[in-house]
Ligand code: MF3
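To begin, one chain is listed below as structure tokens, in the form predicted alone.
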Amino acid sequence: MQNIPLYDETGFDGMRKAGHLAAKVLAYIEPFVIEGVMTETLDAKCHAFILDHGAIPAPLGYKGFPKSICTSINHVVCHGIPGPQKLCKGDILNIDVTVIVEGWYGDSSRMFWIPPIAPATKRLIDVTHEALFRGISEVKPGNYLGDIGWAIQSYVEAEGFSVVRDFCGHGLGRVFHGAPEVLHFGRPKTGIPLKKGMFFTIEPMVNMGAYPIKILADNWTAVTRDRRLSAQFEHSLGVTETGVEIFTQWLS
């Protein structure tokens, strides 16, 4: 059994503050996601915004990560490193933000795109968004981690897409990554039972093609092996007495 902390109301208050700022960062950066912008420019703007709000960008320096956000374009599954690459028409982009506010971690990501995008691409994004909320709908005391994974996997695969196996959601709170591991595939009524006070992320990565991925030479950037598109959405949440509280509710 994983050693999973159970937080009290003080923890919920801390996570609300951190989650709200993570959501504010994603809302702030949206107008700057335009054709021709470099992802390192988006990173610099998010970095400054986070500091201006008295917080710390958690990814910067984490296990050697060199930037303050992750920017994952097209067939990049996750952990894309911001750089000089410019966004082009038809690109899709996941921006992943984690902030530290008074010692609490707020972690969220969402998809952006540069119009026009193909209908099949928009459908991938919509299915991934729906998959996140199908997973969240299973969060309540008495359910299991496997219920979350099954809700996501069964829906995504019925829609003709695949769920990445190599990455998962994770516990957080006073730490960036901790127990439990939250798989986005699985079987009902399996795994760890959910209890009030658990904090974790749900962050399904959904591929247009097959689910295998590979890590590039920078030791961070994960891409689809078949180079087909991938999408991701993420929320941080807490298990309440009757269900779930989303700490990172998006503002746009």
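So that there is no doubt, residue numbering starts at 1 and follows the sequence shown. Everything quoted here is computed from the prediction, not taken from an experiment.
Only in words, not in the display: the form predicted together with the ligand, which the text now covers.
Proximity of Tyr7, Arg16 and Val139 to the ligand in the predicted complex is absent: no residue of the three has a non-hydrogen atom within 4.5 angstroms.
Put simply, of Lys122, His79, His75, Arg134 only one has a heavy atom within 4.5 Å of the ligand in the predicted complex, and it is His79. None of Phe185, Phe65, Tyr211, Phe49 but one reaches within 4.5 angstroms of the ligand in the predicted complex through a heavy atom, and that residue is Phe65. With the ligand left out of view, the stretch that reaches within 4.5 Å of it through heavy atoms in the predicted complex is, among 168-176, 126-134, 150-158, 110-118, 168-176. Although the partner is absent here, Cys70 lies within 4.5 Å of the ligand in the predicted complex, judged by heavy atoms. For the chain shown alone, Glu203 is a contact residue for the ligand in the predicted complex, at least one non-hydrogen atom being within 4.5 angstroms. Not displayed here, the ligand is approached by Trp220 to within 4.5 Å at the level of heavy atoms in the predicted complex. Proximity of Asp91 to the ligand in the predicted complex: non-hydrogen atoms within 4.5 Å are absent; the residue sits far from the partner.
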